[in-house]
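Quick setup: one chain, the form predicted alone, written in structure tokens, and binding and motion questions come after.
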């Protein structure tokens, strides 16, 4: 199994779908997320969805689940850190999309021994805006992006890779509880949610190998497996939902991450 993951990842730059959570498990996770949304409202909207694993134990448990880590270890080795996360939610019949981009373009994490994990909390397909991958693009160096600041673009700067041959794109269709793993250099994006269903995904951006270091700015990370770490500041794990001290820490990490994302930008967006 792990050999297959590694070979597909090396060839295509992504692996999906990977079975992680059972239907009952993911249904329970969805209930916890929706209950948190109902209880804390605006605190889990917009920027509050970034690094929400610092304030919601359900998301922290996902990021540290041994089944998730087993899949990641096959790709980046036994030393694994949990970096940032994002709760990606596309509401029904909305225009929000994610343009063609590479995760590594603005993150400043070197070497590229890290991987982004994307867990489908409910079913994702082309109608409700699943990810689309450009296989093999991870084998080339980083390419130039254009900052568009498009109001419907869910990326910080609306960063976009130009001249993408969309006929070669592969949709990442997954059932709830399945996982996608993709390389930091692969060109990928997603369309709007044209369906009458919410599209909920939880992304660990990213799982970092122990040799990965931040080249500019400051990020925190949790030690998920192994001992080696290139990222020095250690992030705490939440013991209950939405504690004041955890919210303050999440907000601090988001402020620092915003500085990384907008480095050298002509303006800032609504991240």
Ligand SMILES: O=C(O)CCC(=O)C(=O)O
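Numbering follows the first chain given and starts at 1. Because the structure is a prediction, the values reported are computed rather than measured.
Not on display, but discussed next: the form predicted in complex with the named molecule.
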4.5 angstroms heavy atom contact with the named molecule in the model of the complex for residue 205: yes
Taking the named molecule as it sits in the model of the complex, is residue 131 in contact with it (heavy atom to heavy atom, 4.5 Å or less)? yes
Should residue 88 be classed as touching the named molecule in the model of the complex when contacts are defined as heavy atoms within 4.5 Å? yes
Within a 4.5 Å heavy atom cut-off, is residue 123 in contact with the named molecule in the model of the complex? no
Counting only non-hydrogen atoms, choose the one of 138-146, 75-83, 88-96, 162-170 that falls within 4.5 Å of the named molecule in the model of the complex. 88-96
At 4.5 angstroms, heavy atoms only, are 213, 229 and 254 all close to the named molecule in the model of the complex? no
Though the partner is not shown here, which residues of 181-207 have a heavy atom within 4.5 Å of the named molecule in the model of the complex? 182, 188, 190, 199, 203, 205
